[in-house]
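The chain below stands alone and is given in structure tokens; this is the form predicted on its own.
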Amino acid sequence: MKITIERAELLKSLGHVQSVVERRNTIPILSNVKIEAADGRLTLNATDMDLDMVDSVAADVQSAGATTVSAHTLYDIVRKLPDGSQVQLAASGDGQLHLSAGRSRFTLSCLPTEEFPVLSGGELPHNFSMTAAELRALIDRTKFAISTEETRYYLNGIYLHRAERDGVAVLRAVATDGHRLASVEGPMPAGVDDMPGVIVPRKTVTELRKLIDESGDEVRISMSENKIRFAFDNAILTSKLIDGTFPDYQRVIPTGNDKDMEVNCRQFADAVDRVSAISSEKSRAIKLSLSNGLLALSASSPEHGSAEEEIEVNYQGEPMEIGFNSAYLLDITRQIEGEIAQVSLADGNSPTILREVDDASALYVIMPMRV
């Protein structure tokens, strides 16, 4: 194999694939990226056995071939080369990859391509396309609520499934960690009436989000009951799905919250942010005290003192108090893009619903806490 490629193009492609590779690997081949040159293109492939990334870039291929080399080492070398460098990669049968750029020369140890695992095979019967903007919205407005608790592995991802609202089919993404829940809907793509409900793992969501920002307008999605593939212009991300049952999240969404408060979302978020500076690092507790037309936010801690702020709200009802984790509250308010947020409450001990007044496609639930 012998190729020449512009440093920026190689770096971008390597950046996509190397982040899939775990830093600590007991299986040496999983630390490597597979490099394959043919037909004027360089194809890079990395996997951790659960997630597989393939990225392709145009290159001047003098002779075709393939090898595998340490993904992080190659990425670090290319990252440190001068801008505008022409990078030459050459591999022969000596188990080494020779890299040169300007006056720099590197020789890297390789492993045989036969050892490299294949994850991207298998039939994926459910196929559809959606815009990058639609997929980005589903991910960005739910990923903050993905659980990091490994024992509840079935919550370690986004639940993507077909749902209905007002008799219209929608594609709904749901994430929850038991403390807050995010449910966001987008248009149902054509041709997926029978798609299975799938849980896309957290690491896959993270890598997918990076690709969306750097790729074209359309994403082609294929899935089975245990695998999903996202295809972009030059990149293909294939992932195993979480093998578990997502809980019946509809039971968590309260239906009897009869106290509605409307508030300017930015003013509310800024006030929460300011007052929470006093709360303890561990609990992040903040208290909301509601009365007619007024919301008082307060926090206190033995170490830092106390804080209180009042803002005007649209609320007519019984006075009530409720406590929240301020960090969770801020996570939710950041997802509300409109000017006015609606907060629906029942009492100081029950889950609370937050949503945007003019957007029925997104709904957030937050559990209260003692303050």
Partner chain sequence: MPTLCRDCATGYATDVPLSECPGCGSTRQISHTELACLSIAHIDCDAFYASVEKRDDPSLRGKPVIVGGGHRGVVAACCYVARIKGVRSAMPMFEARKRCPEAVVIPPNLEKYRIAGHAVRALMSEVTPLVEPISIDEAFLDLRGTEKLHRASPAQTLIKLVNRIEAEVGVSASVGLSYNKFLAKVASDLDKPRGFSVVGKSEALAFLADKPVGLLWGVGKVLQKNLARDGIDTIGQLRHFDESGLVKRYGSMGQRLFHFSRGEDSRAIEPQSETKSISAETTFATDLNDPEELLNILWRLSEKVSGRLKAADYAGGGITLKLKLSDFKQITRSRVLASPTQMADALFRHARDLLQPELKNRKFRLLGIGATRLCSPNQADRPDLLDPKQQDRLDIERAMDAVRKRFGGDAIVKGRSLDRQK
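Note that the coordinates shown come from a computational prediction; the quantities given were computed from them, not determined experimentally. Positions refer to the first chain, counted from 1.
Omitted here: the form predicted in complex with the partner chain. The next part is about that form.
Listed residues Val252, Ala90, Ala137, Cys110 were compared with the partner chain in the predicted complex; Val252 is the one with a heavy atom within 4.5 Å.
Shown without its partner, this chain lists Arg209, His98, Arg152, Arg162 as candidates; in the predicted complex, only Arg152 has a non-hydrogen atom within 4.5 angstroms of the partner chain. Only one segment in the set 143-151, 183-191, 233-241, 199-207 has residues whose heavy atoms sit within 4.5 Å of the partner chain in the predicted complex; it is 143-151. Proximity of Gly15 to the partner chain in the predicted complex falls outside the 4.5 Å heavy atom cutoff.
The partner chain is not shown here, and in the predicted complex it never comes within 4.5 Å of any heavy atom of Pro117. When contacts are judged by a 4.5 Å heavy atom cut-off, Ser85 does not count as touching the partner chain in the predicted complex. The partner chain is not shown here, and in the predicted complex it never comes within 4.5 Å of any heavy atom of Pro125. For the stretch 335-371, the set of residues having any non-hydrogen atom within 4.5 angstroms of the partner chain in the predicted complex comprises Pro351, Val365, Met367, Pro368, Met369, Arg370, in sequence order.
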